[in-house]
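In the block that follows, a single chain appears as structure tokens, in the form predicted on its own.
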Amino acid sequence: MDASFFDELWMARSALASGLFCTIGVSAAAITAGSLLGLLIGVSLAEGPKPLKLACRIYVDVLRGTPVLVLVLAAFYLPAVFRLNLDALTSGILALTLFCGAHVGEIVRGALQSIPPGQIEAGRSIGLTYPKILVYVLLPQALRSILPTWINTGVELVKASTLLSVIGVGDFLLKVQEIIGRTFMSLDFYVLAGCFYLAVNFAVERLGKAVERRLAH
């Protein structure tokens, strides 16, 4: 990286900062909403009535088997068929949320079903309703097995956010590509983008590990 790269980097600092905040904001929104959706899906798969289980199973299998790029394009173009106008940012967050919800749902289902059913019966025997059993008995135990795979899903989601550039969301990668189109410094700026995504994913992983250690004590 020569002096001209740092000159261009300084000139593009506002655009890169805008892309950085967009990537972090989109990823955080999709992980939060997708985790809440996944929790509902996972509980329904583990303990819901059969029709609800079947509907959630179809949702999880279809979404997990669909490439993220196809989900992004579908979330962007399909609403227009039903006369719904979603901007690119909303469509991108929707696609990543649905993707995250399917994966987290399967993670939560597996963790809940690994807990011996006798604990639910014990909770009922002391008069707890199922929501209270879920909050006070099942989820605290399930959380330890959920966290490692949930962290991996979060890391995958940050990487998948780069696909939103195909529908025009101004994420970090799109800003980098725009700068490369102007400067032709492909290698320098792609290395910069790689370092950025590595740093963000490393931070997500470290944060998850810290939570894991805290729960272990």
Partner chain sequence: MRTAALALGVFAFGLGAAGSAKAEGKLQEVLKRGKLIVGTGSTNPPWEFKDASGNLVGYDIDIARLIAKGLFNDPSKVEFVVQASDARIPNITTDKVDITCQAMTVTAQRAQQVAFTIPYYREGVGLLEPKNSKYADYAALKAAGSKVTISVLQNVYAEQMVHQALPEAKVDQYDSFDLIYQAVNSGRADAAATDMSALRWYLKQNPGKYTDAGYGWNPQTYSCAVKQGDADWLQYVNTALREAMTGVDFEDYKKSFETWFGETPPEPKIGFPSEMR
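Numbering follows the first chain given and starts at 1. What you are looking at is a predicted structure, and each value in this text was computed from that prediction instead of being measured.
The protein also exists as the form predicted together with its partner chain; that form is not presented, and the subsequent description refers to it.
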property: Among the candidates Leu73, Leu128, Leu139, Ile120, the residue which, in the predicted complex, approaches its partner chain to within 4.5 Å (heavy atoms); result: Leu73
property: Contact residue in the predicted complex, from Ser44, Gln177, Thr149, Thr162 (heavy atom within 4.5 Å of its partner chain); result: Gln177
property: Its partner chain in the predicted complex reached by all of Met11, Leu78 and Val166, non-hydrogen atom within 4.5 Å; result: yes
property: Distance check, Thr32 to its partner chain in the predicted complex, heavy atom within 4.5 Å; result: no
property: Its partner chain contact in the predicted complex: Leu86, any heavy atom under 4.5 Å; result: yes
property: Distance check, Met185 to its partner chain in the predicted complex, heavy atom within 4.5 Å; result: yes
property: Contact test in the predicted complex: Leu69 vs its partner chain, heavy atoms, 4.5 Å; result: yes
property: Which of 149 to 157, 53 to 61, 32 to 40, 169 to 177 sits within 4.5 Å of its partner chain in the predicted complex, heavy atom basis; result: 169 to 177
